[in-house]
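Consider the single chain below, provided in structure tokens and representing the form predicted on its own.
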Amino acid sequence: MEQYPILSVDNIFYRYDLRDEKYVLSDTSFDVMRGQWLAIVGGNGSGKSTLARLIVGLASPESGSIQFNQEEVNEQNKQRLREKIGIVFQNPDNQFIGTTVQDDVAFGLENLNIQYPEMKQRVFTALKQVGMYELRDKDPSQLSGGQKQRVAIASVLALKPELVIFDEAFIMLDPKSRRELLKLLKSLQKQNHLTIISITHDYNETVLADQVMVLNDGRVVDQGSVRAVYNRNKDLEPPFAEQFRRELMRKGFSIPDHYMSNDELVAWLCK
């Protein structure tokens, strides 16, 4: 059975001001397969967050097309399609509405007129998945940064989206909280066959992704597996394990001459 991408971005161009000759995104094309995790990396001004806005229909490309589930996103259908796409931003405080954790997760479901028994079950399941059910009666403002992001993720999961976008969602977290949330996302991806797009300028956040796409000055300069992208682009700042591997090579150690994941590097060091 032929598989189709859940998301297809085809030759899009976008600029904030039509009088400006400079495009924020130029000739941008890529596909995301269902159940895949795509990490989009690039420096400030590379067009990453603008791309997220276009995907969720908060803006429209000047030319080119975006297809979700083989349906081109347009003014007529973008509201309906947006219900199947969740987005988590870098500051969860901007997304909190409810006075308790469970009220906040239920808010989006109330807007969709979900019946109370189903709403209760969805809130329970989502909070369990992110490990926040025991804090369901807490005021969100009293939570730590990592806990707030877990609630933001639960609020999105409760809506049962097919695609979730994380737009610099972990930038404000400490390294331990970031690692824990990335592992949680990998688990949710596998459990729910969830499609994930994570947008970041921190290359350590790409280690668990299935694919990495590199944006530079509004253009896609590379896309492929984590291993392939870092092998081809020696100028990219790699994840910590790859930095360590390269440093060992420079010091003359006989280490494999290709990208290594955290697990692969640890296995090699333990030989």
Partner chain sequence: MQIKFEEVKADYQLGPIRTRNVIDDVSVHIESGTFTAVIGQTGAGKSSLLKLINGLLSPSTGLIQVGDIQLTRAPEKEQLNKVRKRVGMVFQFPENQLFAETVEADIAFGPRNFGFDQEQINRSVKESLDQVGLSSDILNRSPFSLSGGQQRRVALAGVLATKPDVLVLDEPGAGLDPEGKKQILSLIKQLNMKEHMTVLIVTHDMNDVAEYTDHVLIMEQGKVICHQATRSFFNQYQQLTDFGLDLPDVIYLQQQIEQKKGIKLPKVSLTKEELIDLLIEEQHL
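For the two forms, the rigid core is made up of the largest set of C-alpha atoms that agree within 1.5 Å on superposition. None of these values were measured; they are calculated from a predicted model. Positions refer to the first chain, counted from 1.
This protein has a second form, the form predicted in complex with the partner chain, left out of what is shown; the following refers to that one.
Per the 4.5 Å heavy atom criterion, the partner chain in the model of the complex is contacted by stretch 200-208, the sole one of 200-208, 218-226, 63-71, 26-34. For the candidate set Arg179, Lys186, Lys160, Lys138, a heavy atom within 4.5 Å of the partner chain in the model of the complex is found for exactly one residue, namely Arg179. Using a 4.5 Å cutoff between non-hydrogen atoms, Glu134 does not count as a contact of the partner chain in the model of the complex.
Of the heavy atoms in Glu247, some are within 4.5 Å of the partner chain in the model of the complex. Within this chain, Tyr16 is remote from the site of the partner chain in the model of the complex, having no heavy atom within 4.5 Å. Interface residue remark: Lys22 is not counted as part of the site for the partner chain in the model of the complex, having no heavy atom within 4.5 Å.
Judged against the partner chain in the model of the complex with a 4.5 angstroms heavy atom cut-off, the residues Gln3, Val212 and Asn233 are out of contact without exception. Residues of 67-104 that come within 4.5 Å of the partner chain in the model of the complex, judged by any heavy atom, do not exist; none qualify.
Ile12 is not among the residues whose C-alpha shifts by 2 Å or more between this form and the one not shown once the rigid core is aligned; its shift stays under 2 Å. In the core-superposed comparison between this form and the one not shown, the C-alpha atom of Lys48 has shifted by less than 2 angstroms.
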